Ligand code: AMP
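Take a look at this single chain, the form predicted on its own, given in structure tokens.
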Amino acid sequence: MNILAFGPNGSGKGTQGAIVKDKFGLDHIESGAIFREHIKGGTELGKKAKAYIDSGDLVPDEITIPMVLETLAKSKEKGWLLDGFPRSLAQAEALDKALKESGMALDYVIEIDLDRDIAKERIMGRRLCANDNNHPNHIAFEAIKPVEKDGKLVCRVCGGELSARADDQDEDAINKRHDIYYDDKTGTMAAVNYFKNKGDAKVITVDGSKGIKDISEEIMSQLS
């Protein structure tokens, strides 16, 4: 089973992807994790990607596509859930072509639909766990609020150290990311619509304003 997951920053896409991955034994491939691996390793591609990420801009295709496709090929036999790519119409077309050339079928497209203002609020209040970025922690939502230990907030799931990404507190950077996502001409929404219109994969669209459990149940009910 191969799945594309779409949703604006702040929609809980990574959390839902982790749930689906655990249920079906898929490789959860996050473009952000691929970038972080290259950045941490100090590769030339990583250095170039970091400059774009820090400013909230889209990483160019000539940097992103080779890294992502190489990772997908490694998960060909097991199946994968791809999260955070494609982010543009051009990337969607390139991915579609690459999948066909490699004999990999796209089975599902999951889209988490969320109002832009709500997504922005969620981004600014979220905290990242040092042990697992998919552990949900948010200072504004009681259900996933971090817990206090020794006078500081720690991950509600594992007790790990928490941090806030610098660009999560930068409204200009958030707006840039959302400008890219909500662009239905050449941006990420154009990519979503590309796969919707093709009709090769089943599309599952869910309301991202609901709770984590409700969203998960709705997605699971439509996956086979």
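Note that the coordinates shown come from a computational prediction; the quantities given were computed from them, not determined experimentally. Note that residue numbering begins at 1 and tracks the sequence as displayed.
Another form exists, predicted together with the named molecule; not displayed. Remarks below refer to it.
Engineer: Does the 4.5 Å heavy atom contact test between R127 and the named molecule in the predicted complex come out positive?
Structural biologist: No, R127 stays farther than 4.5 Å from the named molecule in the predicted complex.
Engineer: With the cut-off set at 4.5 Å between non-hydrogen atoms, does D170 touch the named molecule in the predicted complex?
Structural biologist: Result no; D170 lies far from the named molecule in the predicted complex.
Engineer: So in the predicted complex, does Q16 come within 4.5 Å of the named molecule, heavy atom to heavy atom?
Structural biologist: No - in the predicted complex, heavy atoms of Q16 and the named molecule never come within 4.5 Å of each other.
Engineer: According to a 4.5 angstroms non-hydrogen atom cut-off, is R165 in contact with the named molecule in the predicted complex?
Structural biologist: The answer is yes: R165 has a heavy atom within 4.5 Å of the named molecule.
Engineer: Using heavy atoms and a 4.5 Å cut-off, decide whether D57, G84 and R87 all contact the named molecule in the predicted complex.
Structural biologist: Every residue of the spot touches the named molecule in the predicted complex.
Engineer: Counting only heavy atoms and a 4.5 Å cutoff, which of 57 to 65, 193 to 201, 155 to 163, 40 to 48 contacts the named molecule in the predicted complex?
Structural biologist: That would be stretch 57 to 65.
Engineer: Which residue among L26, M189, I53, L69 has a heavy atom within 4.5 angstroms of the named molecule in the predicted complex?
Structural biologist: Here the answer is residue option I53.
Engineer: So which bits of 1 to 23 sit within 4.5 Å of the named molecule in the predicted complex, heavy atoms only?
Structural biologist: Contacting residue: only N9.
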